[in-house]
Structures are given as C-alpha cells and as structure tokens.
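Given as structure tokens, the chain that follows is alone and in the form predicted alone.
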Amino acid sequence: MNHLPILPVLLPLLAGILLLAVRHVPLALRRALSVAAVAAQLALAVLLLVRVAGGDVLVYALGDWAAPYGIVLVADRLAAWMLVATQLVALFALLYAVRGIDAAGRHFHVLFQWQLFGLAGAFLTGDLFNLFVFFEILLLASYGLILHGGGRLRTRAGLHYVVINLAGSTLFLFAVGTLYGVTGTLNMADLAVKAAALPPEHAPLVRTAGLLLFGVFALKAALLPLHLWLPAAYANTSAPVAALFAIMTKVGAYAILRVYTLVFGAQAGPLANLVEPWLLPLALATAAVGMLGVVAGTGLRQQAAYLVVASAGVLLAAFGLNSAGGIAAGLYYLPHTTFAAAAFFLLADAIAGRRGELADRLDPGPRIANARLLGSLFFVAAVVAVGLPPLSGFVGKFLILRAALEHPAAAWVLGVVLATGLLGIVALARSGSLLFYRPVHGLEPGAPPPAIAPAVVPVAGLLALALAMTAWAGPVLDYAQATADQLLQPHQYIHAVLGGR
C-alpha cells in the first residue's frame, strides 16, 4: 500500500501538535517551525502531483480495512491539484503573517496548521462522512483564525460566519444520514455504484439527499443566495487569514465537482446530472451580484471579498457547463483566481497601513508612502483579477467562453462573463485612480509606515504565480484537461478504490 496520500494529512496535524507543545518558546522559533512545516507540505503536494500526473489513482486504506468497509484516502489528479494550490497560498499568507500579525494571539500558528490539516483531508478523503469530519476540522480552525486579533466588526462578522456554518453542518449530517439509510454506504466510489443501480422507489429520497448536499456545498462555495456571510467575514478578518480563506470557497467548488461527477454523474441512471439544471444559472447570478458588490464597495478589502464571490460564480459556471472543456477551463481558472484574491487581500492591507486613519477606505487622502511600488503591484493585481490580456485571468476566461460556445446557454455565459469583466475594470480603475493619482496635498498619513519589503514580497510572489500560469499555460491546461477527462470517466477511480468488490 502506498503511504504517500496520508502524508499531506499527517504533517499539518503533527505540526499543529508540536506548535501547541512549544507555545511558550520564543515567537521567532514558532514562526520558523510553522514556515518550515508549510514548505514541507508544499514539497509533499508537488511530489503527489508528479506521482499522479500520469493518471494513477493512489488509495490509502486506514487500518488496512478495504473499502467500502474502511476509511480510505484517495489521491488523483484533482486532489493533488487542489493541494498544490492550497499550499502555495498558505506559504505566502504565512510569510505575510510573520511580519507581526501572528503576534496578536498565542495560537495563530497552531490554528493555521490545523486549517491546512482540514483542507488536505477534505481534498483527499474518499468518504462522504469523513468529508463532513474534515469540513468540521477546517471550520473549527477557521473560527479561531477569523477572530484572531479581536475587534467589534471582526467579532460580529465572525459570529455570523460561525452560525451560518453550524447550520450548514447540520444539513450536511441530515444528507449523509439519509444517503446511508438508503444505500448502506458513504464511500463515494461505492455510492457511485449503488446510485447507478438504485431501485426506482428509492430514487426520490436519494435525489432529495443529493440536492441537500448541493445546498451545503453551495453555502461553502458562496453561491447565490448563500453568499451573504462571505463579504463581511473576509473583509473584517486579518489580511493573511483572508488570503488563506481565498481557497475556502474552492473547497465547496471542489466538493460539487467531485460528488456530482462521481456519484451523480452521467452514469447515475435516474439521478444522472442531478444539479445540472441549478448550477449554471445560480453561478451566473453569483458572478453578476459579486461584481456589483465590487463596484459598490467602499473599501479595498470589501472589494477583494466581493471579487471572491464573483470569481466563485465564474468558476462554478465553468463547472456547470458539464463538459470536459468547461471543467478543464474551470480547473485552470481555480488556482488563478485563488492567487489573485489572496494577493489582493495582502496588498489592500499593505496600502491600508500607509494611509493612517483612512486605512483601506476609498476616500481621498494623503500621498501614500512607496506609492510607485504599491501602485505598480495594484495595477498588476487588478489586471490579473479582472482577466485582462495577456495574463492568466484572460486565459482562464477565454477558455471558459470557448467551452461555452457549444452550450445552449452560451449567450448568457458570454454576456455575464464579459459584462462582469467590464464592471471589474471600471471598479478597480476607479479605486486605483483615487488611491494613487488623486492625493490630497497638505495631509500627512500619520505614523511612519512599516518597512515595505516584508509586505510586498508575499504579494509579488502570488502575482508571480499568476504570471507563471500564463507563461506555462500549455502544460497547465494539458494537466487540467487530463483531470477533466478523468473526472468524467470515473471508472478508474471506482476500480482503484473498490478493486473487484
């Protein structure tokens, strides 16, 4: 049995335990341990991606109990892709946090590692109940991270975040309980087999459970109308936490893609393509509402939060096309939009730290220290975020539009994606002009600004990843296309997990 799939789960768990045990040692040592642990997790994720790039599906049976009776971790192209994107964002978010933001609470690094533990488990689990368990782990860690540093607005937004996710977790339990009661299994590969041979009298109950699951995943992905928790939560938490949370909505998108291609895909008989009538319309509406939020935003962090909502809509619209081309385009767009959103949150915080009491509010203010450097980074981040050529955002949206040409709703997809892109250009151009080209002379920003280099290096690193996705778009898209083909032909996954059973 190959032990590689369990290592990305074990490492952050053990790192969190170690950091908790040494919580009384100097902060500099804890920072070094945390950064080293994330770097090691990134190396493991890359190794796993290389190992499965040829199409292998690696299965790890915990306790050596064979599926569907035991718990399994499954690593395929999609899981490895999500792990690499997560660890890249986590590394740069942590490098930004060690500038001093992590000192606002004793357990920041412990929670950060356990957040990565939950994320890795969610991407690698082959069991719906354990998907619920890892969702709860990452949510419990996120509750502490989102409140890190305290404050009235942060606490209020954090409480809303906790309540809405507790409600989602309750519905998740109802859904998996119903599925287990009808099918006798929660192993996703086994569920795929059972769904294809489901007796007609059981189909309505399983359909209800499947749609309830979709509601839970839509909540995690911030799909309209379940997106209202996100803007306040992301805009009011600390910058490195918001940057890490850029991958959180992608967990919901991942769950939708995994479950509704494997369990409720084209091979599922009467339950085939269960969410196809719902996903695309809701995704397009989410993209439109999210971009209107960017236009109406009164602060940079609020704009960044609504950019996450808009990008979630575009991503799920690509998946909603339910074709190999659409899924491949979405898988290319997914890391791009994660890097862009994370960079925007960090950059907004760096700008806010140089505007005194104005912080990130889009009000006229004094000239910003290091305005040329920050303005240049803002320009690149805006180009990446809205999808202007020639960077990766343009490539991703072009691929989505090309895949949509063969869909009956092509006109709607093209109209929404192009219109939201135009609105994004207008909104971010207005913000950049106000911040960098229309200073109010005679006003001083107040206290001397902090050192610029530690703040801009993580931002530049994330933007460099978007540039790398442009330069190596061919190999990245080839991997995404192979992943899409593997998802739409789930027999290899099912055979790897169940074997001859």
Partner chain sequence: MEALIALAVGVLTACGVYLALRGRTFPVVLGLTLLSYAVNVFLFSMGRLAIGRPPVIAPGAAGYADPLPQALVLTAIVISFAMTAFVIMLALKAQAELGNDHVDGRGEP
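Computed from a predicted model, the values in this text were never measured in an experiment. Numbering follows the first chain given and starts at 1.
The protein also exists as the form predicted in complex with its partner chain; that form is not presented, and the subsequent description refers to it.
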Specify the contacting stretch among 421-429, 95-103, 278-286, 152-160, defined as having any heavy atom within 4.5 Å of its partner chain in the predicted bound form.
152-160
Find the only residue in F379, W412, F398, F129 having a heavy atom within 4.5 Å of its partner chain in the predicted bound form.
F129
Looking at T178, S323, N273, N370, which is the one with a non-hydrogen atom within 4.5 Å of its partner chain in the predicted bound form?
T178
Should L140 be classed as touching its partner chain in the predicted bound form when contacts are defined as heavy atoms within 4.5 Å?
yes
Is L362 close enough to its partner chain in the predicted bound form to count, meaning some heavy atom within 4.5 Å?
no
Please run the contact check for L166 against its partner chain in the predicted bound form: heavy atoms, 4.5 angstroms, yes or no?
yes
Heavy atom to heavy atom, is L292 within 4.5 Å of its partner chain in the predicted bound form?
no
What are the residues of 17-36, in order along the chain, with a heavy atom within 4.5 Å of its partner chain in the predicted bound form?
none
